[in-house]
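Presented below, as structure tokens, is a lone chain in the form predicted alone.
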Amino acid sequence: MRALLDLLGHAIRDARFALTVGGRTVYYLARAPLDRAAVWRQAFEVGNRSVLFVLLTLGFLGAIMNLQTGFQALRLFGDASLVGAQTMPLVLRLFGPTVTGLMVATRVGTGIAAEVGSMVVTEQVDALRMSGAPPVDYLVKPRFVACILMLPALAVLGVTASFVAGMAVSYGAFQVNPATYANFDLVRTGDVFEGLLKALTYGAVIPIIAGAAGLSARGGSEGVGQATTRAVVNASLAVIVLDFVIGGAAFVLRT
């Protein structure tokens, strides 16, 4: 019981500090000039270096989903021709943005926490404060803007990879014509908006949580490792919770 209470206390402190960092990030975004060169450097780290990771993950996920959906359709109805129409809304609303967010939280969130945490334990962040450069403005804000720009783009690429892989599997396993597979009759405009909103929200939340974890690092290399672990766990949990909240709100609005 005591361990559970301690864990809950740490989670509350992490959430409170992340909210503080998020508020400061928005403040500096509105009041301080934006270093575009730093933003583009971070956009390259977030976007270009994550493309292959996202394409492979969403591609295999699309293949697996269509394979299993096709098997079930054949078992129940004896026809797998509507597998594309059945899976595309789910990919757009859920798997595309959410899996992309989890992949970015895993790869980018750990990198942010490790880099910022290393600067904290080596007193580089203290040097920034002494020179008049707020750490949140200098370290978190460029990563925040970069993630907001790149995560929706990565989600679009991931959805495309899932669609193409699913089409290939459906044609190879169930002889579904690609023209028949590309059936968007069940896709609604709200599905697209929901997916993009989730991607934008994840892009805003992941760098804030990872940056806060890095800024709270203490105690040398061991502290950096703990900050990195907190970043990936908290960011991944935030993605899942936000997926539920946004998805639930969208369902209520649709009904």
Partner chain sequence: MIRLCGVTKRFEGATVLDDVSLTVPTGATLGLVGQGGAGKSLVLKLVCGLLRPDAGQVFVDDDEVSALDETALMPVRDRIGMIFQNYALFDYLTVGENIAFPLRQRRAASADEITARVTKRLAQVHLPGIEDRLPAELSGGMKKRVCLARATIHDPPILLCDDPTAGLDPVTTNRIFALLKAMQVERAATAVIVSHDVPSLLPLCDRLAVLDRGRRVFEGTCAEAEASADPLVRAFLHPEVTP
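All of these numbers come straight from a predicted model, not from anything done at the bench. Residue numbers count along the first chain shown, from 1.
One more form of this protein exists, namely the form predicted together with the partner chain; it is left out here, but the text below deals with it.
Subject >> Proximity of N177 to the partner chain in the predicted complex, heavy atoms at 4.5 Å >> reply: No - in the predicted complex, heavy atoms of N177 and the partner chain never come within 4.5 Å of each other.
Original post:
Does G78 make contact with the partner chain in the predicted complex, using a 4.5 Å heavy atom cut-off?
Top reply: Close contact is absent here: in the predicted complex, G78 is far from the partner chain, nothing within 4.5 Å, heavy atoms only.
Original post:
Does any heavy atom of V145 come within 4.5 Å of a heavy atom of the partner chain in the predicted complex?
Top reply: No, V145 sits far enough from the partner chain in the predicted complex that none of its heavy atoms falls within 4.5 Å.
**OP:** Using the partner position in the predicted complex, report whether V159 sits within 4.5 Å of the partner chain, counting heavy atoms only.
**Re:** Taking the distances in the predicted complex, the answer for V159 is no, it never comes within 4.5 Å of the partner chain.
Original post:
Using a 4.5 Å cut-off on heavy atoms, what residues in 112-131 are near the partner chain in the predicted complex?
Top reply: M119, T122, E123, Q124, D126, A127, L128, R129, M130, S131 sit within 4.5 Å of the partner.
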